[in-house]
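The chain below stands alone and is given as structure tokens, in the form predicted alone.
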């Protein structure tokens, strides 16, 4: 049975001894022969025999030339003339199917010349619609004995209003979730974590921050006790510790060390200065007594 033939349409090509073994190995796997059609001649490559040039014209002859821009029909017609042999070539249905598939695969690999593809301009992106800014409200906060006017959005926390709007950075932002106590301030008669309180809901309340404890250059007794007993290391949590301790004494607690630990459990010190903090609080309590 005659082998099916794979047709390859390719620009300049000649048998290369370095690539022939690989080509013939693929042909043995397909059980087919390879017909290579170029502008300078036509070759027949079989799985086992050396390549045979089918065109009789010498190398200098350019009778088989496919002009640039030729249509695929003209190229196939020229290829058919070059591949024609004296003996008529017949195909079984199976051979025709295999040859058609192989020819289509070759065209997909090497392509054919035609008009360059004209890319359509990309559509313009839709205009960006900016979300409107949330409204701001005029409020008055009573902070450290003074009324402070400011304009804030409804979502601004008391902590951010103190730090970002009023410049009172002694109140620290730690977790911003009400868990570490670094932002503790006095809110009326009680201590709160200012990150959990909205600024717009704080009007009419007397607010005291760490900046409002001292009287000029005279430290508050709790501040002096923290300095004397080294109740801080990095100092980041110290303002919240002091504000919470002052309020705790005003509440009438801190009679024992265990009570201090319990009532101060909402203020975390990541440096672990708890023994010195307890000592400072007890010294301030005894001094006040």
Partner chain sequence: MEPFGYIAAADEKMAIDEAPRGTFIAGGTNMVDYMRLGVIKPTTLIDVSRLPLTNIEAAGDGVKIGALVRNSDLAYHPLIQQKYPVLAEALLSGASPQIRNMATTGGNILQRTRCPYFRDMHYAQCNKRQPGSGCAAIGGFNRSHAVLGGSPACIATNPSDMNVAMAALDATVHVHGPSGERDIAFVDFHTLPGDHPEVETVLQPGELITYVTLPAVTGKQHYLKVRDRASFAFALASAAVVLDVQGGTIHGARVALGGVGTKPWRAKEAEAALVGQAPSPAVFAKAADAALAGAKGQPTNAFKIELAKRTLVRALTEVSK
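Residue numbers count along the first chain shown, from 1. Predicted model only: the values in this text are computed from it and were never measured.
The following text describes the form predicted in complex with its partner chain, which does not appear among the structures shown.
Practice task
Check whether residue 190 has any heavy atom within 4.5 Å of a heavy atom of its partner chain in the predicted bound form, and answer yes or no.
Solution key: Flag for residue 190 set to yes.
Exercise for the section: Could you confirm whether residue 154 comes within 4.5 Å of its partner chain in the predicted bound form, counting heavy atoms only? Expected result: Residue-level check for residue 154: yes, a contact with its partner chain.
Exercise for the section: Check whether residue 198 has any heavy atom within 4.5 Å of a heavy atom of its partner chain in the predicted bound form, and answer yes or no. Expected result: Residue 198: contacts its partner chain in the predicted bound form.
Handout entry: Residue contact check: residue 263 to its partner chain in the predicted bound form, 4.5 Å heavy atom
Key = Within the cut-off, so yes.
Handout entry: Partner contacts in the predicted bound form for 243-274 (non-hydrogen atom within 4.5 angstroms of its partner chain)
Key = In sequence order, 244, 251, 253, 262, 263, 265, 266, 267, 268 come within 4.5 Å of the partner.
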